[in-house]
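The chain below stands alone, shown as structure tokens; this is the form predicted on its own.
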Amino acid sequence: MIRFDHVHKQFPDGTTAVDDFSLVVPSHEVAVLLGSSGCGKTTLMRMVNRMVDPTSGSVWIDDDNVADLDPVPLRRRIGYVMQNAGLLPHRTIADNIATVPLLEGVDKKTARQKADELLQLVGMSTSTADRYPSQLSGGQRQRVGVARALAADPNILLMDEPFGAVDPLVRRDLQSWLLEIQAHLAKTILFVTHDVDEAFLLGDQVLVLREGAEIAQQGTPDEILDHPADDFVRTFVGIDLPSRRRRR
């Protein structure tokens, strides 16, 4: 479970990125933060693993206030997937996946076995283990990014526009694959996107955000489609587009 309790974030230049945001993400569910660039969604996500600390308020993982936790071990227990995978270019795919287990003291043989298992889990051949990121396609690199995030078997995954840098056909394939992975692993996922179709496809709950991470509406995709809170939500998610009604 992830809980935001009245968090506020003001940066030193005076910019308010998040203003009094509260949310509970139940265990094993996917919550999607949906909004335009600059609305505060990535800032919220980075509060969970203390890449950003709130100016006020608190963020909790189960019964732990993350402010009371050492950032390094905290980040190792949370999977993090970013838009461009963030793989280390000079390390093999297997070594990229094994990064956290090796840091945690797992021996190299066991870490390599785990990397091979995770490659298979994300739909890739173990023959890619000794390749380098530059030798893979964009979609393959994103799959490796997810495999690396899963290597320490975290309960929580943070996914920051993870499929935003690939072409639409590959993106759709990756979205479907993530749904399959989630059905199998049942992680608690906080997912950031500005893509409405992606949010409605992946989210158990979706939060449509205004500037300052103000929640314009929170609910299941069907609840938002059937009962938009206001004209902002209706316009942002394209309620009147027939394609939205055929999605689910």
Ligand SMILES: Nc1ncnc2c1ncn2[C@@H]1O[C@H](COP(=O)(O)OP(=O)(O)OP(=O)(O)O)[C@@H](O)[C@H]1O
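What you are looking at is a predicted structure, and each value in this text was computed from that prediction instead of being measured. Position 1 is the first residue in the sequence shown; the rest follow in order.
A second form of this protein, the form predicted together with the ligand, is not displayed here; the remarks below concern that form.
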Item to check | Options 31 to 39, 53 to 61, 200 to 208, 218 to 226; stretch whose heavy atom lies within 4.5 Å of the ligand in the model of the complex | outcome: 31 to 39
Checklist entry - For this chain shown on its own, do Asp70, Arg76 and Ala115 all sit within 4.5 Å of the ligand in the model of the complex, going by heavy atoms? => result no
Item to check | Any non-hydrogen atom of Asn84 within 4.5 angstroms of the ligand in the model of the complex | outcome: no
Checklist entry - Glu161 near the ligand in the model of the complex, any heavy atom under 4.5 Å? => result yes
Checklist entry - Does at least one non-hydrogen atom of Thr43 fall within 4.5 angstroms of the ligand in the model of the complex? => result yes
Checklist entry - Looking at the partner-bound form in the model of the complex, is His194 within 4.5 Å of the ligand by any heavy atom? => result yes
Checklist entry - What residues in 4 to 29 sit within 4.5 Å of the ligand in the model of the complex, counting heavy atoms only? => result Phe11, Asp13, Thr15, Ala17
